[in-house]
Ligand SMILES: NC(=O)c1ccc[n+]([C@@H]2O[C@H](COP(=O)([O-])OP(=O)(O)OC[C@H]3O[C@@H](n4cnc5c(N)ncnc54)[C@H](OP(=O)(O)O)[C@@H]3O)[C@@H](O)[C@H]2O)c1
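Take a look at this one chain, the form predicted alone, written out in structure tokens.
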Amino acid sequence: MPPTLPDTLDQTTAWLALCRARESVASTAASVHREGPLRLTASGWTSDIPANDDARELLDNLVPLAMHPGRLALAQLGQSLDGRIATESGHSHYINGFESRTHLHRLRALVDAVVIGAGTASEDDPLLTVRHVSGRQPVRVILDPRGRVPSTIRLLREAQAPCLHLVGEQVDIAQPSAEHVTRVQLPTATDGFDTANVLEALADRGLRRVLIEGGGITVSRFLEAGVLDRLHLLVAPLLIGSGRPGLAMTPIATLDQARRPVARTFRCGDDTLFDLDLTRP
């Protein structure tokens, strides 16, 4: 007898299917992933049983990422309604709610590497691990062209996941004492690393699915360079009124020069997620 299917597809089952689909695509380049009642493709999903609202929204949101073939460059920012990611003093914990932080951890679990700039690494001292959901740990990458990140940060001290420390060619490449840390030199320009070179260097190490997590300057540079496939903006119903902007790009003169990416919206608790497809005009 065939196994008895549950009456409803829930969010936990949907998330486990997404994690397995991501591994299937990464290891075999499969274009279809079938698991129990679910059938996942890059263009969407179907289920032999009804999905509850949370499962349906999770699948609608993340199937394009889990089933994305080949290389993927994704960025995310959490911000207020007026586009701020921190106060003027740098305080940002927490602009977005728990559901948005859970979404971020899901993104980490679906990629090979999570990238942050030297400023975020030094000021926020994040771990960049998957904690709020089940899932694999990504390689944690620090962009540090001038070698200014202190050795005391948790990424360089705590070995929950490997850490790749990218530094400029003028920086001493002596291997750090921590076994989980690898230091690699890259060429630099006047404003730091070339973003395309960073993605190529990661792909050469087998890190083909990359999340640019922060901060705002780093995300802005990757966005303006045109190397991102998608951008997830998590907007909290909060007005800060001043502080650090999320995106800071070259000024434009008229609105016809503005980018108008294809956008989808999803709820994340009290926050709103804008999923921007940057591959389509």
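Because the structure is a prediction, the values reported are computed rather than measured. From 1 onward, residues are counted along the sequence shown.
Although it is not shown, the form predicted together with the ligand is what the next lines describe.
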Consider Glu179 of the chain shown here, and say whether it contacts the ligand in the model of the complex, taking contact as heavy atoms within 4.5 Å. no
Does the ligand get within 4.5 angstroms of any non-hydrogen atom of Asp191 in the model of the complex? yes
Does any part of Asn61 reach within 4.5 Å of the ligand in the model of the complex? Heavy atoms only, please. no
When the contact criterion is heavy atoms within 4.5 Å, does Ser47 count as touching the ligand in the model of the complex? no
Sort through Ile85, Ala113, Leu164, Val130 and report the residue having a heavy atom within 4.5 Å of the ligand in the model of the complex. Ile85
With the partner omitted here, the residue among Ile217, Ala30, Ala42, Leu238 that in the model of the complex has a heavy atom within 4.5 Å of the ligand is Ile217
With the ligand left out here, work out from 171 to 179, 152 to 160, 199 to 207, 76 to 84 which stretch has heavy atoms within 4.5 Å of it in the model of the complex. 76 to 84
Within 4.5 Å of the ligand in the model of the complex, counting any non-hydrogen atom, which residues from 143 to 172 show up? Leu143, Pro145, Arg146, Arg148
